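This document opens with one chain alone, in structure tokens, the form predicted on its own.
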């Protein structure tokens, strides 16, 4: 297994901290599907009485997957394998199926209720049949029954009573997709958990068993799509040699309700097709894409479609031929439409021309095209207008394109949030964005409702997440990064869900059901996002990370291209700090609906959390707290460090409830996070102090070194060292 030296050093320290490992240590591979035996005697008796035998009616690959998961889960949770049956002959039968696969389920009174839930919906309910008590897991489709199976197991894992269980659920979003920025050479762009899980060199002859475990984990949280190649696409994946490999992956994912998607390189007709142009209105180009799409469906009959990154960061696209994004997207859409496929066209446009304000580009390019796209095109929009920062305002395109389906793009891998080493629960960040009110149709037009299609009645809806998965044994590079994969799936299923409730589920399924430990870990997770905002980019600062690898502070960097430079985003000078995006500046605030524009555009009403995103503010400006802006920055940077220290104490308190290996693993990473939070605080404040010329108030920790010291600290781009050089 590939691991960076940094990860190996942390693991070595972990092992040294453990006096005696169990024969089979808990290495995190099982994620939230661990199924340890229920320790509560009363619950165990209840579960054993209610689940004496399992009857899965139907023999499709998906229903067999449900049967396998139930046997695995119940054997672990109950301490013994349940009996299997094809009839309800006594109390305690678990019946799983669909109205199509089971005449018993079709005859139940819940059939009409089930139909209203749509193809992925399910019902889990305690019933009486033939005088016997039973639990029914029913879906409209086989995959719905699989989702219901995982929902029942989640009840058991989180120690909920089930004798009167009554669950009904259906996803609010149709497409719930993980985007893997994985390259054909096995590397992962913005990946912090080892190399790609897709072993292209050994496919199609060897199919890794890890693919099935990946599919199980995704099905358990409702993810129903996987893009297996990087948005910075390689045309070779569309050649027959690679399509054979792609087909093998699709075969493993299919029983778990997961469709496979590919990224399409716009210039593929030139690179692998022998054409002289990739102009989307050229008849030969259009025919090439139609033939190539037909070929893909011969290999993968349920192929989902393409993700396309075009005319951004040097990627080819329709603008190379003086065409629009709609011209490009519609070419793909026309090729896919006969097969029921879709195009997810990314709105992250980052042109070669230096803009007046980079955050305005996507809106300026896509808003005029509303209504120009084919029905099977979705525009994939990042949660904020810049680039997955620890905090941004919601993207102004949400609500601004009523005639074009917009799908959300979150980044699960923490490129700007401390990557593999910093504990940051992103559920809080995503909830903040999803609950933001766009006001496009008055109060209550939240981003979540836009994405769900409830505002503009989109025919297709979707949420994508840039995956944080690699071939590290624990999948995500650290134990708590697993929580972000889990939270993504749960929020993609229901964008209006509570990130707190999701965290609680994940803790109970991953670590422990002990109430005091659950409360402590939950507090850590809920505090962690605000902590990273405070010690990295408080008060609306953004993109002041080091160039390239984006790890560590570098607010002083000024490059030849302005919008590659942290100085472009904070604009600190002796008068103040912040990017003026009001009418007196770039006027990016005008891209929002009236009430939002008015709130963000005024110093009196803009939230402190976005102050410097929208305004250039004097250092002595009096904040709502009564502190000057400078003193508030000092307070926030120190609050971030203090929160990490609080997280360390909370984690120490749960030691009796967590296995020794994972406890030591997390402790090691928290130690790194505390040290690097101090580094962020001291480097940023020392730099900004050179403009404010104001002292750090007494009572706060003072930076130990001059600015030049922090400017000399380096972090290798491949993160192959146990720590960045020079951090005190």
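Keep in mind that this is a model prediction, so the values were computed, not measured. Positions refer to the first chain, counted from 1.
Separately, the form predicted together with a small molecule exists; it is not shown, and the next lines address it.
Remark: residue 366 does not count among the residues lining the small molecule in the model of the complex, judged by a heavy atom distance of 4.5 Å or less. Interface residue remark: residue 645 is not counted as part of the site for the small molecule in the model of the complex, having no heavy atom within 4.5 Å.
Using a 4.5 angstroms threshold between heavy atoms, residue 230 counts as touching the small molecule in the model of the complex. By the criterion of a heavy atom within 4.5 Å, residue 189 is counted among the residues contacting the small molecule in the model of the complex. Of the candidates 449, 245, 382, 125, 382 is the one whose heavy atoms come within 4.5 Å of the small molecule in the model of the complex; the others do not.
Residue-level contacts in the model of the complex: of 388, 486, 373, 614, one residue has a heavy atom within 4.5 Å of the small molecule, and it is 388.
Partner contact region in the model of the complex: 415 to 423, out of 415 to 423, 93 to 101, 336 to 344, 67 to 75, criterion any non-hydrogen atom within 4.5 Å of the small molecule.
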